[in-house]
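The data below hold one chain only, encoded as structure tokens and taken in the form predicted on its own.
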């Protein structure tokens, strides 16, 4: 009887996991087979972020102008949320410059900007995955001869299933009110 219950439990777990994979929407960014390495050197597939809404942007650590504003924008959104909403949101910044943005560079920015590692992930992946993620988000970028990048400067809201819900190109510490409303809607408990 004990063995039968164990088999039934394993079957239910396997069935639940399979159902969750099948339910991934066709427009989810989590279909992208990309491995991220974060500011602590921990690696995980992009799809591991499934289950929680995310603010996502592409950036690079040596950027002195726009990328710090992208971080300010995400912090501004966090400040505009109540504690329950803040707890339910994660932030993912993926480097456009994986050749130079190693774990130490990512960790340095996280430390200097006082980014809570429980909610903020600064990550790098391979060049091909950066290009594919940029295409899925609608980010355009190109490397310049001086080592800088021209890139779309925007913050994207990704829902728990990996669908792009909203974006804003209004950067800075004061959040775009319309974008903040969309973030709150994504964080609202489902009936």
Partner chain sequence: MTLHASLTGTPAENDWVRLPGNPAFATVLDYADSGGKARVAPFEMSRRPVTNAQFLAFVTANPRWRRGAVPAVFAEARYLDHWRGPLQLGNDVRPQQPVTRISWFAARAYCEWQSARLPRWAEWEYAAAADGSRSDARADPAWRERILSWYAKPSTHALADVGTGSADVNGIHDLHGLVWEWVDDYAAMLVSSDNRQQGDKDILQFCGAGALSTKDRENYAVLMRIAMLSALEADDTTANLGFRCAREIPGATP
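Numbering follows the first chain given and starts at 1. Because the structure is predicted, anything quoted here is derived from the model rather than measured.
The same protein has a further form, the form predicted in complex with the partner chain, not shown here; the description that follows concerns it.
J.: For the three residues 50, 117 and 120, which mark the spot I'm curious about, does each lie within 4.5 Å of the partner chain in the predicted bound form through at least one heavy atom?
T.: Negative, none of the three is within 4.5 Å.
J.: Look up in the predicted bound form whether residue 138 has a non-hydrogen atom within 4.5 angstroms of the partner chain, and give yes or no.
T.: Close contact exists here: in the predicted bound form, residue 138 approaches the partner chain to within 4.5 Å, heavy atoms only.
J.: Could you tell me if residue 69 has a non-hydrogen atom within 4.5 Å of the partner chain in the predicted bound form?
T.: Yes, residue 69 is a contact residue.
J.: Please tell me whether any heavy atom belonging to residue 153 falls inside 4.5 Å of a heavy atom of the partner chain, as the geometry stands in the predicted bound form.
T.: Contact with the partner chain, yes.
J.: If we define contact as a non-hydrogen atom of the residue within 4.5 angstroms of the partner, is residue 37 a contact of the partner chain in the predicted bound form?
T.: Heavy-atom contact with the partner chain at 4.5 Å: absent for residue 37.
J.: At 4.5 Å, heavy atom to heavy atom, what parts of 141-171 sit next to the partner chain in the predicted bound form? List them in sequence order, or say none.
T.: Those in contact are 141, 142, 144, 145, 149, 150, 151, 152, 153, 169, 170.
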